[in-house]
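Before any questions on binding or motion, here is one chain by itself as structure tokens, the form predicted on its own.
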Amino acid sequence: MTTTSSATLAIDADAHLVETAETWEHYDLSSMRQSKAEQALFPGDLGGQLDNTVIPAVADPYGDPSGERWFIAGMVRGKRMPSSLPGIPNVNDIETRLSWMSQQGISVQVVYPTIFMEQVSNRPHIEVPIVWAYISWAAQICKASEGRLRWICPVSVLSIPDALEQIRFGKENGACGVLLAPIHGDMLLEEAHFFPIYEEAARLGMPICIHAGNANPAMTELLGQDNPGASFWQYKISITAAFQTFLTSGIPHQFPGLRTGFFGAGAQGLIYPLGEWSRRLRADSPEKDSNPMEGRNLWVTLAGHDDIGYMVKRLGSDHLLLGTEFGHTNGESALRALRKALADGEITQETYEKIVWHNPRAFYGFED
């Protein structure tokens, strides 16, 4: 991994790969990559067999290329993001991506999936091979970057045995975190169902990375109606609720050493649950004047629209990260906002270097 001075380079803690047809060339029908979940639970589903009807394909159900969706096992699922940006024909191309990073002064990008912002299936034997295809593809792409791209590992939450195997594969193949959506079907992240994932992530030193999204299809359909606030309703507000879960539940204390980060929605949405948490504490509580981000090992990415000076004052500087969302955007707004905050004196050089270098190294567990 690059170890150039933190004063000149940055680590982008939240960028994206964008799945294409090439991703699913890694789809593996061997028994090792099929679900360990009990097949008898779904006796009538495709005859219990895996075939090419469950491999993601592009669908355009609305007659609008910008509205393309993934079509999986007869169901229209999450939006298919374009793999090109203005001036960048393919965000998954290693040479192009590394060139952009060098121009921006970024040493390392941590890349998140796109498709798993939503639920790909509510059936384990369909979900599991899709997850395996993605992580095999992501591992291959990032290996070719010689350490400048590190990947976040999605897991099959419907089958905990598969999820644990995927976490271990990720750890052995360069993944630096475990992806969860704020909502999975009818399950919220405080449920005991997820505890084995938290335990294994903590054991391996991998953080839990909760990215803006919503893996409940009924909710995304309801909230994603044609209005200017659709994306906020569908994907962003759930991050605030997930943060509140980790702030008020015993999960951070139950799994000592577990680092948990909140990505893709900025930091300003955390202010409301923090205010509610503080308001409900007893006046003599020893936590009254503490920073719960530190006490619970919680981290968050700053976005270009955040009031960065205020966020540093309110949250402290030790658990803030830089996330550009490159791959979904051109990635420049968050960098520009952070550098402007430094130039305007809203943050110090020390704080800047924490956010762009020292903090992401600590959160992801990067070694020298």
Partner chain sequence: MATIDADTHFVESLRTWEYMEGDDKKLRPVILDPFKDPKKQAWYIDGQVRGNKVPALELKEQQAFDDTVDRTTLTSEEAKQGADLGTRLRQMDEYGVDFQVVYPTIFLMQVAERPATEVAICWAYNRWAADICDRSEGRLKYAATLSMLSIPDALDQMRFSKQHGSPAIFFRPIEVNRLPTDPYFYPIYEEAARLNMSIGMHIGNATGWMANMLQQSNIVRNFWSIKACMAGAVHALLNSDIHERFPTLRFGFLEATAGWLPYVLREWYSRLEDEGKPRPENPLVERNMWVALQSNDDMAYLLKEVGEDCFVMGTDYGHNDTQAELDAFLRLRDGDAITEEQYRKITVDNPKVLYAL
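Residue numbers count along the first chain shown, from 1. Bear in mind that the values here come from a model prediction, so they are computed numbers and not experimental data.
Omitted here: the form predicted in complex with the partner chain. The next part is about that form.
Contact annotation: His328 falls outside 4.5 Å of the partner chain in the predicted complex, judged by heavy atom distances. Put simply, Lys236 is close to the partner chain in the predicted complex: some heavy atom of it is within 4.5 Å. Interface membership of Phe232, defined by any non-hydrogen atom within 4.5 Å of the partner chain in the predicted complex, is confirmed. Mapping the unseen interface onto this chain, Tyr272 counts among the residues with a heavy atom inside 4.5 Å of the partner chain in the predicted complex. Checking 165 to 173, 237 to 245, 290 to 298, 67 to 75 against the partner chain in the predicted complex, the stretch whose residues place heavy atoms within 4.5 Å of it is 237 to 245. Contact with the partner chain in the predicted complex, judged by any heavy atom within 4.5 Å, is made by just one of Lys36, Arg339, Arg314, His26: Arg314. Of the residues given (Ser249, Ser99, Gln254, Asn90), Ser249 alone sits with a heavy atom within 4.5 Å of the partner chain in the predicted complex. Although the partner is absent from the chain shown here, Leu188, Glu276 and Arg280 each have a heavy atom within 4.5 Å of the partner chain in the predicted complex. Along 90 to 118, a non-hydrogen atom within 4.5 Å of the partner chain in the predicted complex is carried by no residue at all.
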